[in-house]
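Just so you know, structure 1 and structure 2 below are the same protein chain in two forms, each on its own as structure tokens.
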Structure 1
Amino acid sequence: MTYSQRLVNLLLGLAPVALALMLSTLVLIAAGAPPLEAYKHLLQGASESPAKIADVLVVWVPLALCSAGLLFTFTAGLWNIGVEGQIIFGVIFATWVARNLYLPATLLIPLMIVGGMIGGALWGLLAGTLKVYGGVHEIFAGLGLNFIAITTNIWLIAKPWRPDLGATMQGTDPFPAAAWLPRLAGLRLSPVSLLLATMALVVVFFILRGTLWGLQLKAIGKNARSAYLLGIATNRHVLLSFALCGALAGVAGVVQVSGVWGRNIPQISGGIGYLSLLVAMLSGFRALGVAPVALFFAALGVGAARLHLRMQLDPSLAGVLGAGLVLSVLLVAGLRTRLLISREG
């Protein structure tokens, strides 16, 4: 690679960040807010104390888990939009375990994690089955299953799992202490959840990079028809990718219900499934890229609260930076493709 080509690649790598900052700066100026002060408050809001850093990691954990799972389906060329529903079914299965098994924490928490994995995997497998055997595009299957999962969870909270004091849409009764993930002293962060997310990223990295199955998934993603003609069992691998993605989303659900809220609530998924799609795309569908990109979005979400407290700005303005980054990455990716085509031509 020549020096000029390296320089072009470096500039193209930095361009999305520069373009996103420019777009966000223009929006802040239009809103009458000093851009530098707003950026300062965003950074301080996410890092000014150990509690804030812990809050960022609390958001990062389920986001990293779901994004890691999505790498399986994205590698196979599939748009698994149903992660939100897979999180919720992980929550539903984990809630059942917490409410019905009276065991010490050393047994109950692992069973909740296993239950969450099974719930998420089954819901993911259902989306895969609709794709493979029903001919339903995975985007439509995933969106439909998301709505079913949400309404199912709301019904369970309002009816069978309603609190003893009466029906409420605020959530179930708090879980027993044995069903809570252990937390660091004075913080909302559970070291167990942090370990689960880290392990998931490492395992996904090695599976996709260093195994025959990972290579077969890549072949399916490049050209499913050619992979089938070469003897790869495409349907089986597609279903397995959906199941593994759902299993990791189910673990994210366990983290939310057991490590953050301590009970099941209607908004338990918090849009993490949809946000993880952006994280996976911005990471370049690489496990090594998921951790920093997920950390960026987590810090953005936590730091946004300070915009309202200190500058009376709507916290949703922080979403402009994230949306601007996504748009910038897509624009630069298109430019990079055009440059490659022109070089080859």
Structure 2
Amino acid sequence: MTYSQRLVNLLLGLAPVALALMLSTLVLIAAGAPPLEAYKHLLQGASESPAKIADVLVVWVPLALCSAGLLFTFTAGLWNIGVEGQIIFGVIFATWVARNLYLPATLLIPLMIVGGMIGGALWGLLAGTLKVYGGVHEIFAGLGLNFIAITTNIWLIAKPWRPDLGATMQGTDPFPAAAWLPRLAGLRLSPVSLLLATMALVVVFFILRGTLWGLQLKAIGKNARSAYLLGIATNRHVLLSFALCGALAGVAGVVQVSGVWGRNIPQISGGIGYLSLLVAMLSGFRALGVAPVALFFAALGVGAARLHLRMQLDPSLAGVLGAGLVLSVLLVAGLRTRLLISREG
């Protein structure tokens, strides 16, 4: 590779970042806010103290879990937009375990995790079944099921799980202490959840890279008809990938409910499901990419809180930056292949 080629590649690699920054700067100017100060707050808000960094990791955990799960469905060529609902069903199942089984933490927490995985997996399977046997595109199935999951959870919180005292739909009673993930002293971060997310990434990495099942999934994603003819049980694989993604999303739900909130609340999924789709896309659908990209998005989210507090700017700026970045990456990737073709041709 010549020097100039390498330079071109570097520039193309940086171009999306520059484009996204340009977009958000324009947006900031349109909103009448000084962009530099905004970026400063964004950066500081995410990194100035160990507590802030721990906050970033708190957001990183569910994002990484969901994005890791999405690698299964993306590999199989599926747009599993229903992660949000799968998180919620993980929460619902875990909540049931926490409220109904009176066990010590060493038993209760693993059971909650298993329960969450089952809940998420079932909700994922439902979307998968609608896709495979009902012919409903997974985007619509997933999206519709997200809304249904949220309302189901709201009904549970408002009716069967309504606290005896206290009046509104604010959430269930706090779980018993045994159902709380242990936290690092003075921080909201639980080492257990960090471990879970890291493990998930490693396992997903190896499954997709090194196993026959991973290869078969990839084959389905690239050409399902050929894969079927080669003898791969495509339906079963697709369903399993939905279930696995749902299970990891369910774990994310457990982490949220027992590590962060300590009780079930109506909006517990908090948009992480949608965000994780962006993370998976930006990571190029690779487990190795998910960890840093999820960290970036988590930092963006946490930093945006500061932005709002100090500059009265809506935290949706973080979303603008994140989505803008993914869009820029898509556009630059397209431009790059175009450039290559026209140079060869």
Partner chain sequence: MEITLLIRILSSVLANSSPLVIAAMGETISERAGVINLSLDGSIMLSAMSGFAVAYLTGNVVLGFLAAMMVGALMALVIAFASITLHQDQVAVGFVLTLLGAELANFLGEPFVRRPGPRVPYMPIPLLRDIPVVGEIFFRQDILVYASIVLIVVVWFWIFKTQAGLRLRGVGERPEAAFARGVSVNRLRYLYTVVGGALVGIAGAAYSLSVKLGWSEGHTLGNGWIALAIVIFGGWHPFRVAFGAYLFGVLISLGGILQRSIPGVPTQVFQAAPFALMILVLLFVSGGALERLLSLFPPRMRRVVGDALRVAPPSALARPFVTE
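All residue numbers here follow the sequence of structure 1, with the first residue given the number 1. Just so it is clear, the structure is predicted and the values come from calculations on it, not from any experiment. In this text, the rigid core denotes the largest set of C-alpha atoms whose superposition between the two forms falls within 1.5 Å.
**Q** Give me a 1 or a 2 for the form predicted together with its partner chain.
**A** Note: form predicted together with its partner chain is structure 2; the other is not.
**Q** With the core lined up, does the C-alpha of Ala291 move 2 Å or more between the two structures?
**A** After core superposition, the C-alpha of Ala291 moves less than 2 Å between the two structures.
**Q** Hey, does Ala38 budge by 2 Å or more at the Cα between the two structures once the core is superposed?
**A** Indeed, Ala38 is displaced by 2 Å or more.
**Q** Just grab the Cα shift of Leu309 between the two structures for me, core aligned, in angstrom.
**A** Value for Leu309 between the two structures: 3.5 Å of C-alpha shift.
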